[in-house]
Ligand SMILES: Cc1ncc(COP(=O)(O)O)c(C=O)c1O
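Presented below, as structure tokens, is a lone chain in the form predicted alone.
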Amino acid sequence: MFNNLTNYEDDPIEALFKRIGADKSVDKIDLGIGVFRDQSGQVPVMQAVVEAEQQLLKQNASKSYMSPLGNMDYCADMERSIFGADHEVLQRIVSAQTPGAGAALRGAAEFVQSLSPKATVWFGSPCWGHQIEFFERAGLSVKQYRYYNRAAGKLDFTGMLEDLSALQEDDVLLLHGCCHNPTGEDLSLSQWQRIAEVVREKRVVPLVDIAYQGFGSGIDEDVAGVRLLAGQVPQLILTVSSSKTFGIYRERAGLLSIVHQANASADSLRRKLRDTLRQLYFMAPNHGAAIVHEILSSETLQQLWRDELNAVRHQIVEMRGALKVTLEQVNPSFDASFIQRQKGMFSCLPLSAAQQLRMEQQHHIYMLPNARVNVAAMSTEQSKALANAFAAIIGE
């Protein structure tokens, strides 16, 4: 059996880890993995998280099993965080806590496949590769629509709409709620409005993935688009990650929600969602979800968390500005304004795969496919090194 695994290839993230580990240069720079780093290069733990964990230890809560639907307090917290306290969809939503957004997407894929196995799932191009794999593994067909023009450094909304004209009833349209991964290029509210019209016209199901709430323009501002969409469509699937927003990457806290039609049976949907997730992994770990609930249940801790998240966002904005300046200083003919305009952790540099490989081999700078740069992991000095390397590569 195991002999059949010869020449099995690493996924892009694991392969990147190995290349970085094998590089002995003291000047190597990791701009691939999606974590926030401070100016010293550390991945900090939020003080709000530290204090929440201390309070949880004092409570000495049970370690017994929970339902496969997970921590319902966390689910309610996330529903309100995404939609606000008064959004009408809170009256027609069924949710489960999951082991991060990856498991939420895999659960969503299985949920869709069991109800509509002939549905096609549509992804923007470029997209985070693992998202596509989750749905392919569930046996669903996938297609991609134009989303981002890397050469021009901007959204290709005209191309997107042209491609989405081929949507069929009950297809699934995957959208990123904010801080688009990997491009950092988000839809405007007017474009969200147009997407809502397409969804209703084509009778498809939107699936909105939110992993970076608070990293773009603000906690509420970053979800204005999904709030608009949810209020105008009959049904919606939502996946959420708490990894970045709370800095609890390895704790794996996420959400999978089904916003259903008003006349649907919420109890049947809840049971179906429960059984789908139970068959995948039985139940999610609770620690990360408990941390988030502890923070959002305390006015003091919630304010501390908001202040810390604001500081993270401000540093990302500053680094985007710094990178734009340094790129244009050493590349006078290059317009890097897209770097400053875009939001969140990531942007894509206009580099070919071959040029990206030379960035590694000649300059020890590492990025994920599509030359995805994690601006949130970059220091001021590293932005200068990246700009100089970029100028050298495109000048060859």
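Keep in mind that what you see is a predicted model, and the values were worked out from it rather than measured. Don't overthink the numbering: it's just position in the shown sequence, from 1.
Form predicted together with the ligand: not shown, discussed below.
Quiz item: Within a 4.5 Å heavy atom cut-off, is W128 in contact with the ligand in the predicted bound form?
Solution: Yes, contact at 4.5 Å.
Exercise. With heavy atoms only and a cut-off of 4.5 Å, decide whether G102 touches the ligand in the predicted bound form.
Key: G102 belongs to the contact set for the ligand.
Quiz item: Can any non-hydrogen atom of N286 be found within 4.5 angstroms of the ligand in the predicted bound form?
Solution: Contact check for N286: no, nothing within 4.5 Å of the ligand in the predicted bound form.
Quiz item: Within a 4.5 Å heavy atom cut-off, is D209 in contact with the ligand in the predicted bound form?
Solution: Judged by the heavy-atom cut-off of 4.5 Å, D209 is in contact with the ligand in the predicted bound form.
Quiz prompt | N181, S241 and K244 each touching the ligand in the predicted bound form (heavy atom, 4.5 Å) | solution = Contact check passed for all of N181, S241 and K244.
Quiz item: So which of 244 to 252, 75 to 83, 155 to 163, 117 to 125 is the stretch with heavy atoms within 4.5 Å of the ligand in the predicted bound form?
Solution: Selected stretch: 244 to 252.
Self-check item: H176, H293, R313, R106 - the one with a heavy atom within 4.5 Å of the ligand in the predicted bound form
Solution: When the ligand is considered in the predicted bound form, the option within 4.5 Å is H176.
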